[in-house]
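One chain comes next, on its own, written as C-alpha cells: the form predicted on its own.
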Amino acid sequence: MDRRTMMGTLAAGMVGAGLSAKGLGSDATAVPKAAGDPLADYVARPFDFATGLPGLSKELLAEHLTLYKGYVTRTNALLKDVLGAEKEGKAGAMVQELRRRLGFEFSGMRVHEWYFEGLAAKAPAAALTHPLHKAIDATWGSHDAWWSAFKATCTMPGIGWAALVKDPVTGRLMNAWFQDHENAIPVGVQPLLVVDVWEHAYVRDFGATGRGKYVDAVKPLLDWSVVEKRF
C-alpha cells in the first residue's frame, strides 16, 4: 500500500468524506469567517453554475461542485477528529496521518473556492491600467507573454493547479504549480488566480488529452475584477 492510499484509507475509516485548503492568501482571498464561532463547521459556498458556463458544460460543473462539497465535508470531519485526539493527548501515527490528510482536504476546499469565485459567464475584461497588469507587464514584458507562460504552467505534466501568485514581502509575481492541492507551493505567497487542472476539471468535456483546450476555454471566463481585488 502506498502512502497516499494509506492516508486515504485512514481518513476514510475515521472521518468519511470532504475538502478544504491551506491558508496561503491575504484577507482578499479568504472565505468569509463563521459569525461568532471560530470552531463552526465550514459550509460549502454557493456557486451558480446550474446552466453551465460558455465552453464548460453544466454536467462537468455539477460534478465539479459535488467534488468540492466532498472536500468541505471531509475537512469538517478531519478537524473534529484531529482536535478531539489532541485534546485527549494522542500523538501517534494515526493522528499524524490524519493531520497530513487535513492539509490535502482543507487545501482542496480553499483552492476550489478561489477557482470558482474567479469564473463568470460574462467576465469583465482585465483593467489594463490596474497595478496588477502593470506588474504583469513589468515582469513578463506583456500580458500575452504572461499568458503563454501561465498556460504552459497549466499544461505541465502532473496533477494539481496552476496559479499566479504574489510574494507579499516583495510584491514579486510568479507562476506557481500546486501539486495535488497542498504541495510544491512557495510558502507565504498570496494566490491571485488559480486554475484547476486535475482531470476532473476537464475530461468530461475535453477528453483525457484535452487539457490545453480546457485552459483555452477557461481564459475568457476569468473574472479579472476578482483577481485584481486579490492583488
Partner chain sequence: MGNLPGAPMAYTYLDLTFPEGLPGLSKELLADHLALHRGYVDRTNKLLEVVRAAETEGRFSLELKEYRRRLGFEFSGMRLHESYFRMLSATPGAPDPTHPLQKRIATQWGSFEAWWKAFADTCTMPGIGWGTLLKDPTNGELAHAFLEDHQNGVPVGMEVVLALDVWEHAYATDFRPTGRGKYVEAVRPLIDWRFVEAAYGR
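Remember, it's a predicted structure, so these values are computed and weren't measured experimentally. Positions refer to the first chain, counted from 1.
This next part talks about the form predicted together with its partner chain, which is not shown.
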| property | result |
| --- | --- |
| Pro124 within 4.5 Å of its partner chain in the predicted bound form, heavy atoms | no |
| Residue contact check: Pro186 to its partner chain in the predicted bound form, 4.5 Å heavy atom | yes |
| Its partner chain contact in the predicted bound form: Tyr115, any heavy atom under 4.5 Å | no |
| Touches its partner chain in the predicted bound form: Ala40 (any heavy atom, 4.5 Å) | yes |
| One stretch from 61 to 69, 167 to 175, 200 to 208, 47 to 55 that, in the predicted bound form, holds residues within 4.5 Å of its partner chain by heavy atom | 167 to 175 |
| Any residue of 98 to 114 that, in the predicted bound form, places a heavy atom within 4.5 Å of its partner chain | Arg99, Arg100, Leu102, Gly103, Phe106, Ser107, Arg110, Val111, Trp114 |
